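First comes one chain, alone, set out as structure tokens in the form predicted on its own.
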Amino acid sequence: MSEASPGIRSHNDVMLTDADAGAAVSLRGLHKTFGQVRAVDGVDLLIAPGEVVALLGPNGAGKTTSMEMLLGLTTPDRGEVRLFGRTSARATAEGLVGAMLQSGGFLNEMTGREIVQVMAAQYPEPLRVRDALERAGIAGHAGLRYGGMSGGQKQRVRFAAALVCDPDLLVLDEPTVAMDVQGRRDFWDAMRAYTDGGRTVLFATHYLAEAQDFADRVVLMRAGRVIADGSVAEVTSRVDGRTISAAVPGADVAKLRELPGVGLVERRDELVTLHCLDSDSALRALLSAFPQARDVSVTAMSLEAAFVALTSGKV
């Protein structure tokens, strides 16, 4: 160990530095396998206090397993987890961490208010239950039994249960699933109010627009590894080119892939989307090969397009 890189070695033989001690989240060399499946394959991640980070990736990328190891719900085969310089268990016991996960559930017979009351009793300095319910937007339905709630209402109860410990770090796994459009907007309004106080958020989502609009930073995973990490602009810059969208009746996907300058092709009915390294060449070739094309648009690379390109393994 050099004097320029101070640190200590953990029980798992992972070097921890001063940066780890000051981080809200420090994941170092995390590995986890289930049988022959390598779910997480050497994840390193530092999140500073106050950051809002979106964890993205296709199904099976290792997002949920990484979150479960972060929270101490799953033990890594190798690697180290520190939250505010503490173990997951200690950080959770001190009320520093709140979590809203897809796995697990609450008793259907309990009301939303009772669920949040039970959670509040686990922590040394919780919020008032009424405040947590109001922040989550479920106070008006808190008397309903959990089993009789809609999917969106259940998500709000989960959110209130995560908030009631007044955490410095909030970990959310697909938090707006089952919510309608207005419900998602209300949820993110509540999250903005929460993070205005400098709190840290790590969330996984399949709604890429949420990541683009809300996250300070995007971490993209594929096959158990982090393959991109940075702002939305930094991640999209990893993929060159532009996107061409057009309605092309009778489009042959194989023929579209052969067009010059085209990388990836998506088709939904007549609508085709071409992710292009050279959009000028691709556009000329498209109109020549498919003169029936209409409603053509050319746009800069979006987070969704970058996500598709990077997680496909073709760039």
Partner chain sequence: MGALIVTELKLLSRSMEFLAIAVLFPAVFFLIMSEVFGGLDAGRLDMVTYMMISMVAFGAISGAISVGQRVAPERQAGWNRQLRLTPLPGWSYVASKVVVSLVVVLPAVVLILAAGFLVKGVRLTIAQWVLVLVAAWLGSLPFGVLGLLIGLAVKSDAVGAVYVAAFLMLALFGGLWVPVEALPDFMVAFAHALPSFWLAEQARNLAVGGVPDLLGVLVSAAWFLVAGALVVMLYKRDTARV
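Since we're looking at a predicted model, the values are computed, not measured. Residue numbers count along the first chain shown, from 1.
Unshown form predicted together with the partner chain; subsequent notes refer to it.
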Considering the partner chain in the model of the complex, which of A193, V177, A93, A209 comes within 4.5 Å of it through any heavy atom? A93
What is the one choice in Y123, F84, F214, F187 with a heavy atom within 4.5 Å of the partner chain in the model of the complex? Y123
So, G147 and the partner chain: in the model of the complex, are they within 4.5 Å at any heavy atom pair? no
Contact flag, L101 vs the partner chain in the model of the complex, heavy atom cut 4.5 Å: yes
T64 near the partner chain in the model of the complex, any heavy atom under 4.5 Å? yes
Partner proximity in the model of the complex: M221 to the partner chain, non-hydrogen atom cutoff 4.5 Å: no
Heavy atoms within 4.5 Å of the partner chain in the model of the complex: which stretch in 200-208, 71-79, 127-135, 222-230 meets that? 71-79
Should the three residues F106, M110 and M119 be counted as contacting the partner chain in the model of the complex, with contact defined as a heavy atom within 4.5 Å for each? yes
Heavy atom within 4.5 Å of the partner chain in the model of the complex - qualifying residues of 270-284: none
